[in-house]
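Take a look at the structure tokens below, where one protein chain is shown in two forms, each on its own, as structure 1 and structure 2.
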Structure 1
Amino acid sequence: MTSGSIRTDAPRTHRGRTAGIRRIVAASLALVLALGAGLAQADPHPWQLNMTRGSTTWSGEAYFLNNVALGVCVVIGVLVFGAMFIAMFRFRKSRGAVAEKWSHNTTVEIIWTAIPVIILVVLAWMSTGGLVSFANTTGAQMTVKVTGYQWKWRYDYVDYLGKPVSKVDYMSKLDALSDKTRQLDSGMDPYAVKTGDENTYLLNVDKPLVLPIHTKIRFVITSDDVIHSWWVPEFGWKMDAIPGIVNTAWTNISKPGTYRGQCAELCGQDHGFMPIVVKAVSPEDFAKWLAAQQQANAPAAPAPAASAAAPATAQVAPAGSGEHG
């Protein structure tokens, strides 16, 4: 595992007074845990083994289900493969095993049909809860419209705390340094593309989406050309951006930070080069940022042509809104 910076929200409370040995034990335990349960940390990091826990009120649902399902599979796998290996050891011709003649046993057949059914019912019940809560986009305090383009994203701030937001919209595309580095035979080193001490090669944009934390945010997601998919792993979901269709999703971010993702649906030659960056800030900072944006855009004479058709109210037309501009 790499540096300690990735473990910021792990077992911090127990850290302070641990001795060196305990720290080593903890570190190796962390490595073991990472296999099964994973550490809660943002953004992909080298040797990451498991899904992120995420940083929103909902993202834990996906993470929890992933861990439970993985655990169930590991247990069943150990039992089934264990039985196979015992059979391979015990019933070898070279050990003098003589083949038995039976080919049927109703009791065990009923048992090994029934037990999986019970396990599946439990898993289905757990998944349904998470799915239903994800589908509930009501009660949002804010709406952002996301539009996919080949190969960039456009963000329109539609409303915030019940008030329509006008003329805050912009394109967000791969940052210039990543874009130069990623050219075939650029001779540039992907390891040198950094923001602070974090490598952000192909995971950085010129202008991130700024969002407030502790706010239920509704996304309306569509596309202007082909199908894309808007995915920030820390939010726990992805949603396809489809021309002619407006999809909805929601999030409620728990802590400030920079969350990185990528387009997840093949959308042409630069599909791998349309990242998503969300900068989550406190509601106060967000209000300030939003005011500054409105001021910068609104009084200035006519808005740029591309943003002229941006929806001005909270009422997003369900169809065709992906086709403007």
Structure 2
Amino acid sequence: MTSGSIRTDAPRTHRGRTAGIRRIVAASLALVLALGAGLAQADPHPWQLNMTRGSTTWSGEAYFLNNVALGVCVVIGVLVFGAMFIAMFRFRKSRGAVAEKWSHNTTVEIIWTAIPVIILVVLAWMSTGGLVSFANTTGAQMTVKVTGYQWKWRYDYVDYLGKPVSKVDYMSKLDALSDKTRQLDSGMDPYAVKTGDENTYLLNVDKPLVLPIHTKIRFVITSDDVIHSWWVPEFGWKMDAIPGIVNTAWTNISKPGTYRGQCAELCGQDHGFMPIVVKAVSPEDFAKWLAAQQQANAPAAPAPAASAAAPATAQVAPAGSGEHG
């Protein structure tokens, strides 16, 4: 009886352990997915796991494609590792499992070849559509030229709403407080460099790029010395600035705010001190700002001419002052 009861209870014990393992795996997976979902909706911050959703009309494309590709990878990983763990625990040698003798199965091989091909074709089709829409700068309402230098940016406003913009251009470089703090033995606290409640050490500039919202803006991007890369994460893209080559990109900012970025191409000694700041404002405020900039940079008017010319005076040599032969 004793030995018989042991043989009867053994399968139940194995089934209980297997069910327990499955529950633990399912709970762990649910926890990871919940954490990932929460982080995906958060604003950019340390330890964020997903991309930022962005604040432009196109940035959602990159966010969506990233999530689709990530989802495919997660599903494949769960299937592959799930099958592997089931095989290791359920069909292990200690349970008397015996390996099959077959080595090929035409149907299975066709299936596991066709499915990855279909997945890759779908992802390629979606990615190509996103890249084509990003490359299409037609219909732009504004053009800004961005030029990279070691180690600062130059912004030239080319046109706005079909009208050329003249004499609105400036350099944008690391702000004075961050630059002073970063100096060796400065004794200054980097955490004390703030704009409001935000720590902006090495992230602020002296003159931000001011842009209007709800406006399709074309960027023409180049460099004057080495390769740089203009990158604002909230815009959903980055573009290399290459000497002798002009690259184009576009954005349409959905909401006002301050958006920060950095040079994303190793460009020399002060590469880490080359931030980007974009200040997005309403079209009305931008029009006022642009008019003020044009007026401030306009050449000074010439002085008015005299109302009446002063009478000409001739110098007459006094009598007897000439030379005598």
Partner chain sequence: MAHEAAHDHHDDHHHAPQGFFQRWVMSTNHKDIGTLYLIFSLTMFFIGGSFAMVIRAELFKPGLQLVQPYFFNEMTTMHALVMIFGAIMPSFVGLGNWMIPLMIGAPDMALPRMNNLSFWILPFAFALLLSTLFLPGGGPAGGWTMYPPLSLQSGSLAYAVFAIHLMGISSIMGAINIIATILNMRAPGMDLLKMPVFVWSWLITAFLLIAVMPVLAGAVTMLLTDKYFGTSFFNPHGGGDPVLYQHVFWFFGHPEVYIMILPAFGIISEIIPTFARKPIFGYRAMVYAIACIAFLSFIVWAHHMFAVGMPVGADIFFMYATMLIAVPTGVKVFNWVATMWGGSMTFETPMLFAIAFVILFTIGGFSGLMLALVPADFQYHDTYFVVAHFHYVLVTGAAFAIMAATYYWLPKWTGHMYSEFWGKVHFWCSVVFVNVLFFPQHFLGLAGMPRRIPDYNVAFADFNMISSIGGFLFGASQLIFLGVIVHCAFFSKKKATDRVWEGARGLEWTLPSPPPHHSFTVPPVVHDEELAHGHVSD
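Everything quoted here is computed from the prediction, not taken from an experiment. The first residue in the sequence of structure 1 is number 1, and each one after it adds one. Only the largest set of C-alpha atoms that superpose within 1.5 Å between the two forms is called the rigid core.
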Properly assigned, the form predicted on its own goes with structure 2
* Asked: Once the two forms are fit on the core, has M84 moved its CA by at least 2 Å between structures 1 and 2?
  -> yes
- When the two forms are laid on each other by their rigid core, does M188 show a Cα shift of 2 Å or more between structures 1 and 2? yes
Shift in angstrom of the T107 C-alpha between structures 1 and 2, rigid core held fixed, comes out at 2.7
